[in-house]
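The chain below stands alone and is given as structure tokens, in the form predicted on its own.
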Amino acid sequence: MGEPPWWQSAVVYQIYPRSFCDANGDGVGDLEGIRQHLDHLVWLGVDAIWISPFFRSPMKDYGYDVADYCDVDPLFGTLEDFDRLLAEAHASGLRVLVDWVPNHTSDQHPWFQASRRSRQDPKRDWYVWRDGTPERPPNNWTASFTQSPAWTWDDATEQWYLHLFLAEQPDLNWNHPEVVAAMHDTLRFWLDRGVDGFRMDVIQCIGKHPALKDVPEKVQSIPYCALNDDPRTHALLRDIRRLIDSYPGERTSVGEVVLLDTRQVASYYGANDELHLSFNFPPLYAPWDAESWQKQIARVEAAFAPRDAWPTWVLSNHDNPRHRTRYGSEARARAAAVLLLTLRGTPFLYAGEELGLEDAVVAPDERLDPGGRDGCRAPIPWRAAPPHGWAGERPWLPWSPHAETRNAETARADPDSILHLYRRLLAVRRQSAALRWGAWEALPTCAGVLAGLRTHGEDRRAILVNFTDEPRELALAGSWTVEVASHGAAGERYEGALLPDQALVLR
């Protein structure tokens, strides 16, 4: 038997392009800024990058409102810039995933402009329109961000249109075969250019029951995107999977399934004929607590293993406060890095977490994002001296705290920095079949400590995480050596003691 596909052993690094690096001095990160820092990613040791949307967009939701799926917004550069970035990433051994937004477009997309022109337009049914009166939406669904109805009345054509997010993000009608064909063409456009796959935004929302029934009153305040679990999506995903699998080179799909039941998330893998990977977000929202994490891991194993589905793990992203901020200390962030990179599954890193970045403090008059996510999107500081490796003097958002000391230049010069911890973990992971593909077995432990064993053939690694701020004693059978320590010494025999907030990889 050969090795599993690349995306099972890979570590994927998410880049939010506005915040990664500005190469032209306009204060906004761009594709050229990403290209200039590919060397950082190669040195770090990640296997793939996922680039958040860079398509043409009015930027009402900062790129997740797409006006043209097949072009680069001038803010980020050109198609030629993307092709150059892709070629250099591939030459460096990095795979590239792009962010596909299939549930909705911008209201400035030519498709929607045609759809709202008249009820008779050929693209009218490419979106979800319903009759009614201006006073009463067609159902009680709630939109994300606004906590208001997921419907907007169009005076010109006297109908409502559906939007699970902003009014400027109308939902596509995936029940219409022409929409399916057009969206498949957008995938082909990027696959033909050579991308290695897609992160698929709120993918479980594309299928909707045509009746669009009210939700129970008790959940009416929950955004409908977190409730939608319509079986029609699965057939749509099987078609998408066949398209992606028809391309050579193990192209892949990673779905954002915004459901908090891990068993539901696992269902979007189908019978290995839907998503290749899916984000499972309950661990992202779990507190820094050993018992909570033991339960999260057990739930993932119970839901994914029977389906032969491969899990994913994520601690931070562009939609949530950074885990350094949530967990409250760098010691815990370092321990979390050890946990993230040793669990069974594909880890996703968010740009800047390897620097230990916290959320920026954004004053009320500087807030831009409709969902209040500005803090976690602060620009990445590359150099110690302002403007921290950016071409312009003032980036689009404030810097994270302590940018003068918590930046790539300073961290790389310090062998004890969290950046070097990530690099050591990635190197150990790459060398260990147990950490890449091995099974996970929970080990007997003590209060406040998570313990697990990864095995693949003769390769064995024990993972210990002390979630408390006190020392802990945990004896293990056999002789073990500390291969990586979140802090403290490595290379020594494990004697059964854990420091406060310490995580260890034992060999």
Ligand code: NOJ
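In case it trips you up, residue 1 is the first one in the sequence shown, and so on. Here the structure is a predicted model, which means the values were calculated and not measured.
One more form of this protein should be noted, the form predicted together with the ligand, which is absent from this view; the next part is about it.
- This chain is drawn without the ligand; in the predicted bound form, the residue among Phe189, Phe145, Tyr285, Tyr247 with a heavy atom within 4.5 Å of it is Phe145.
- Shown without its partner, this chain lists Phe165, Tyr422, Phe198, Phe76 as candidates; in the predicted bound form, only Phe165 has a non-hydrogen atom within 4.5 angstroms of the ligand.
- Although the partner is absent here, Phe54 is not a contact residue: none of its heavy atoms lies within 4.5 angstroms of the ligand in the predicted bound form.
- Within this chain, Asp81 is remote from the site of the ligand in the predicted bound form, having no heavy atom within 4.5 Å.
- Contact check for Glu291: every heavy atom lies farther than 4.5 Å from the ligand in the predicted bound form.
- Using a 4.5 angstroms threshold between heavy atoms, Tyr64 counts as touching the ligand in the predicted bound form.
- Residue heavy atoms within 4.5 Å of the ligand in the predicted bound form occur in exactly one stretch of 372 to 380, 423 to 431, 153 to 161, 181 to 189, and that stretch is 372 to 380.
- Within 4.5 Å of the ligand in the predicted bound form, a heavy atom is found for none of Cys205, Thr233 and Asp273.
- Shown here without the ligand, the chain has only Glu256 in 251 to 271 lying with a heavy atom within 4.5 Å of that partner in the predicted bound form.
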